[in-house]
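To begin, one chain is listed below as structure tokens, in the form predicted alone.
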């Protein structure tokens, strides 16, 4: 039974390997340095809605972000990494507790530049796979030609859900309405970039100048898949510590979970330049290019089959 499943997956796994190869080639051609950071960490960013796996008092990486920013703070300007990440409780059609993240960072950039990078990366993969700009995904034709349509969180939620999450932040209602009302309202034949998130929903992002209720965060959606998450990175160590402490207090109060501050990261970002960063789910990107309905169709072994 398992042999048949693995044989069926072979074309998708071959395409997965090409997507990885072409992604690396894209960043090398753009002058980025590929780096590797630890998978087992003494400290991670305290985030209320991300539950880490513990490993003998340390943690398995939920994201390479903190270490990559420490490299930026040391003077590196363009970095990318294809990394294994681990998050508890994430299992479903688009989720597996162990997954692959592509993250990259640019000094002197902001969240809009990171979205442009994503457009160019996807276009480069399309060309190298010799696909047309209009691909077929789950019964829908999608035109991947840049630039992609952009909508603010405020406008998207006012139009689809009838409320403004910038003026009245409500994370639980936000997540529910995003999935049930906002994403289904996006044009199915084009990617959508959703930007300018409520400030409380972007703990590592810079706030918008003149609009302290808005964080410079953007997400990319294609074919219903939440594909990438971009930030203008916060470089204020004091403000970052304040936000982390708020997250830690909420975790202790709401979940009984205790976390410590990532001190080495906080010390390093006093030297962090103005920069942009983005995290892209590689498994979902492969799903898109394989016309796959589930993450199980692009991974040889999930938590259920390992």
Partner chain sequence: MDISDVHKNSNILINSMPYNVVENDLMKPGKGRAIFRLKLKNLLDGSVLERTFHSGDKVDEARVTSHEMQYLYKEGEQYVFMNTETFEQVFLTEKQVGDRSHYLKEGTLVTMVMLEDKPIDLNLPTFVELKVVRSEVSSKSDTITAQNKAATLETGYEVGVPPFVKEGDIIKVDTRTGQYLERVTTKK
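Residue numbers count along the first chain shown, from 1. None of the values given here were measured: they were computed from a predicted structure.
Same protein, other form: the form predicted together with its partner chain, not shown, and the subject of what follows.
Scanning 209, 172, 74, 134 against its partner chain in the predicted complex with a 4.5 Å heavy atom cut-off leaves one residue, 172.
Shown without its partner, this chain lists 143, 164, 119, 226 as candidates; in the predicted complex, only 226 has a non-hydrogen atom within 4.5 angstroms of its partner chain.
Exactly one of the stretches 176-184, 146-154, 107-115, 126-134 approaches its partner chain in the predicted complex with heavy atoms within 4.5 Å, and it is 176-184.
At a distance threshold of 4.5 angstroms between non-hydrogen atoms, residue 50 is in contact with its partner chain in the predicted complex. In the predicted complex, its partner chain sits beyond 4.5 Å of every heavy atom of residue 98. Although the partner is absent here, residue 80 is not a contact residue: none of its heavy atoms lies within 4.5 angstroms of its partner chain in the predicted complex. Heavy atoms of residue 139 never reach within 4.5 Å of its partner chain in the predicted complex, leaving it off the interface.
Taking a 4.5 Å heavy atom cutoff to its partner chain in the predicted complex, none of the residues in 142-160 make contact.
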